[in-house]
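Coming up is one lone chain in structure tokens, specifically the form predicted on its own.
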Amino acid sequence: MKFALVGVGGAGCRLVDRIMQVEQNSDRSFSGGNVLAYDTDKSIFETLDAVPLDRHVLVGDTHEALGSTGADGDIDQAAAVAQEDRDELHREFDKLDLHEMDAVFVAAGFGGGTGGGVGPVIVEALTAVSELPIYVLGVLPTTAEDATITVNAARSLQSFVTHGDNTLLFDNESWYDEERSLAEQYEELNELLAHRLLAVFAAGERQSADIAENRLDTSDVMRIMETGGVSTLGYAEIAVHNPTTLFQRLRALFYNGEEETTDAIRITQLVKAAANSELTLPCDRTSTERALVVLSGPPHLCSRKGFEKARQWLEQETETVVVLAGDEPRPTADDLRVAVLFSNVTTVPRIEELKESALTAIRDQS
């Protein structure tokens, strides 16, 4: 699939920048440079390496209500400014070749004033001007952050889910190392999320890709994402021996049944490991409406038998009959990777906890 990327706020802009870097380093044609970065604080743009200067959009620079550092966590003020400057925000969309895209990802940190305030306005505006699916890539704050950020996150989550076609979430609380500051970990967390995102949504988009045995079509991904609601990603990988000599390659083409069985078992175990891994948003997998599995690695190791058996296991595990699967051949790879997308998960303790904390904070403020 081809995605336009729109980052909103500091967290969203940094995440989009990292996705573009991973895209470039992996020889993928995921966004093709179709990117915009919106923020109310121009200093954020100085931290971006991959997003071109002409795609930096400063929001509210003529509004006295916003200080030199932007929205400063004021979600209502940021949303009001975005609504007032809506036409200017629209004009920036002309820089995106939306007619060449399959969908748009809008990335934002839900706890920030700009991400939580301007982000939903951007999503709503894109929905108004394009028939493409508008997906949200959202980052939830940690429990250690202050009450304002918690309230912002709960409010913006509701807005994003309402206006977006699907909201893929990453929970900082589940992933960051408490012994280090969150700011010190932004880059590695964004890298982690970027790799998982591309493993699913950029499958088959390598510039020199081989033909997949079970190719995923754009319609397959859209079918999984059309559930709406919130979604999460699982991921696992293992190192493998990839034959390099002609003899080894020929032998791999005509391996015996024992080796085939071994490959099938390995893939089944890898899919189970991905499903049982630390998800980008922890949840009860049985509350999933639909799921998607993507296997990536050397073609001769991508056992069809193992893949089908793993897909059946996932159907039983998630208690859903809508589980689609596809593979991404990487002939020179020395690893096997599996990414699993769980779409519209409804039993998510972290979201319930976030809502309760927000309500408590609101009561304490009143």
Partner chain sequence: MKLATIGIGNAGTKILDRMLEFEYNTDRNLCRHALAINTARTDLAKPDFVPEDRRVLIGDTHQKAKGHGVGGDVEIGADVAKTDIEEIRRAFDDVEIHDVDAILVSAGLGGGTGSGAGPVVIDELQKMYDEPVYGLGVLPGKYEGGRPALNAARSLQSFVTNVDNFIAFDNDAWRMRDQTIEEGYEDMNRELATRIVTLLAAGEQDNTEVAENAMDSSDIMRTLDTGGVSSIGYASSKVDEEAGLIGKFRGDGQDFDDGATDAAKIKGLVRRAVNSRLTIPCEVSSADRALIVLSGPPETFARKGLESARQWLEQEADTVEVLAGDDPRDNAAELSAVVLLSNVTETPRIKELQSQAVDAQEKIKAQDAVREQEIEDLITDEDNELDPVI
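Computed from a predicted structure; not experimentally measured. Residue numbers count along the first chain shown, from 1.
The protein also exists as the form predicted in complex with the partner chain; that form is not presented, and the subsequent description refers to it.
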Inset, instruction - Go through 186-194, 215-223, 232-240, 272-280 and give me the stretch that gets within 4.5 Å of the partner chain in the predicted bound form, heavy atoms only. - result: 215-223
Inset, instruction - Please state whether every one of the three residues Arg155, Glu308 and Glu352 places a non-hydrogen atom within 4.5 angstroms of the partner chain in the predicted bound form. - result: yes
Inset, instruction - Would you please decide whether Ser159 lies within 4.5 angstroms of the partner chain in the predicted bound form, comparing each non-hydrogen atom pair? - result: yes
Legend entry - in the predicted bound form, His300 touching the partner chain (heavy atom, 4.5 Å): yes
Inset, instruction - Using a 4.5 Å heavy atom cut-off, state whether Asn344 contacts the partner chain in the predicted bound form. - result: yes
Inset, instruction - Using a 4.5 Å heavy atom cut-off, state whether Gly117 contacts the partner chain in the predicted bound form. - result: yes
Inset, instruction - Check each of Leu168, Val121, Leu140, Ala202 and return the one that places a heavy atom within 4.5 angstroms of the partner chain in the predicted bound form. - result: Val121
Inset, instruction - Consider the chain as shown here, without its partner, and state which of Glu289, Glu173, Glu145, Asp72 has a heavy atom within 4.5 Å of the partner chain in the predicted bound form. - result: Glu289
Legend entry - Neighbours of the partner chain in the predicted bound form among 73-108 [non-hydrogen atom within 4.5 angstroms]: Ile75, Ala79, Gln83, Met101, Asp102
